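First, one chain by itself: the form predicted on its own, in structure tokens.
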């Protein structure tokens, strides 16, 4: 069976599975629609949480970022994993005990204000919609390469699939679909890694293969890779820091606390029966997440190695990078490269007209290397490789069987669709439950609220699809901004709501607004918003990364500090919360019993 037919078959079977589960698990009540009836087993909820959490960024992009950033790419592993531990240990059990199944509902009740709930809804929508752009982009990338359709058509198909199981199934349908999606994506990630680790090092466990010697050599994989990348003018793989240490630290913190503030992950802990089950499912989710996250560094390093082996064969055998056969002839480039060129995510331009592909770091600061490259007649790097294709193309680069390549295609789609569904559920609940029922129409019937939820979900899918087709310039290509927005707006409010009984509604609202405004201002200003002054354009912040070299993707942690500072300042200037609110906050932190998830105010 040829590759394209195999891909259609495997992806088609997984889509049929998702739709079949949605039909079986369709929601019949608001409790099932918002919280899956609160009856999901902790192990299954752990798998669903892992699928919800491991988005297209984790499956498609993370190993690619590690492959090109090397040591510096570890910030994504530390930030995202640390954030999940923070969420599971400090936030989820208390929120679950509080008994409300959305973040705006918790904030509205804890800060005794519908206005506070509305502010939280706005923050949630901004973070979730920014995040969902990355998921829809991932869907488009996977579809355009593997199903032979355009990027736009891929997004339309993805919208239709999510619509089928999210609108009708609600959280119940999404939960059980995510269990299936986790199974698909983890097999799709690990199996190719095992094959490639065996081929390169003879070790079947990728995590151990990363530190093992190359097959048939007395040099380790990482030591060989260090030599390869430095020969081509790149920084040493195991030590290179692409950002300043301050920015790396702040970036890691932004990802960490942003993770803990993302509403679609928090909602998962309301689908289990009680607090003990919430803690158990958090532990299981960490185990399931760790399988992929401990494999990612090996996948990134091995993909980088295989890429160089394809393009610069002489380097891989210890030869001189500047020898005549140091790069493959363009007309002999492998089939996988030609297939990815058709997507526009891999581009070749013969700048010096020698008919060969020169792939090296043209921005190297090593003067000796630059002199050798110039003497060899190189006119600049001729191959542009999008980071997002590394995981998806890795099995093709390594010449693995067709069924493995098809499995990776299904896994990439599963990762993007599972997180998109979780985000859409959070958006739908915020609109239908927190705005329609909580603010505008408190007396709405359960049937009416369920219908409002489904309409909100359908509209959210349309908006998500539009943003995927026309991504705003400030958010295109990254989901890190979504973490920064959640970090600067929602995380501080949740933390203060649980651990500070004296924090009042005025302080919480002022903090959320200030944190969100600060982060968005920095992001937009960095991306080129200017005031017109006569005929001149004036940069708002004085140049890129003007705030101590901090990038916009990392500014969320500073925004969170700003949020805390404003919140406590306003709190000191206004009156304390009512006594019953303070007693409620104390009761939530006392580890006794559990409140049922009913969504009641």
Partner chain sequence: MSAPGNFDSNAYWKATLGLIGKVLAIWFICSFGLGIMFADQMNTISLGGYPLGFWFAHQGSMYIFVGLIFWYAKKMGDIDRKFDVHEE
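What you are looking at is a predicted structure, and each value in this text was computed from that prediction instead of being measured. Residue numbers count along the first chain shown, from 1.
Omitted here: the form predicted together with its partner chain. The next part is about that form.
When contacts are judged by a 4.5 Å heavy atom cut-off, residue 279 counts as touching its partner chain in the model of the complex. In the model of the complex, none of the heavy atoms of residue 46 sits within 4.5 Å of a heavy atom of its partner chain.
Taking the partner from the other structure, its partner chain in the model of the complex has no heavy atom within 4.5 Å of any heavy atom of residue 232. Interface residue remark: residue 112 is not counted as part of the site for its partner chain in the model of the complex, having no heavy atom within 4.5 Å. This chain is displayed without its partner chain, yet in the model of the complex the stretch 271-279 from 271-279, 401-409, 359-367, 147-155 comes within 4.5 Å of it by heavy atoms. Among the residues 459, 469, 290, 217, the one placing a heavy atom within 4.5 Å of its partner chain in the model of the complex is 290. This chain is displayed alone, yet in the model of the complex one of 342, 451, 85, 160 has a heavy atom within 4.5 Å of its partner chain; that residue is 85. Within 4.5 angstroms of its partner chain in the model of the complex, the stretch 54-81 places a non-hydrogen atom from each of 66, 70, 71, 73, 74, 77, 78, 81, taken in sequence order.
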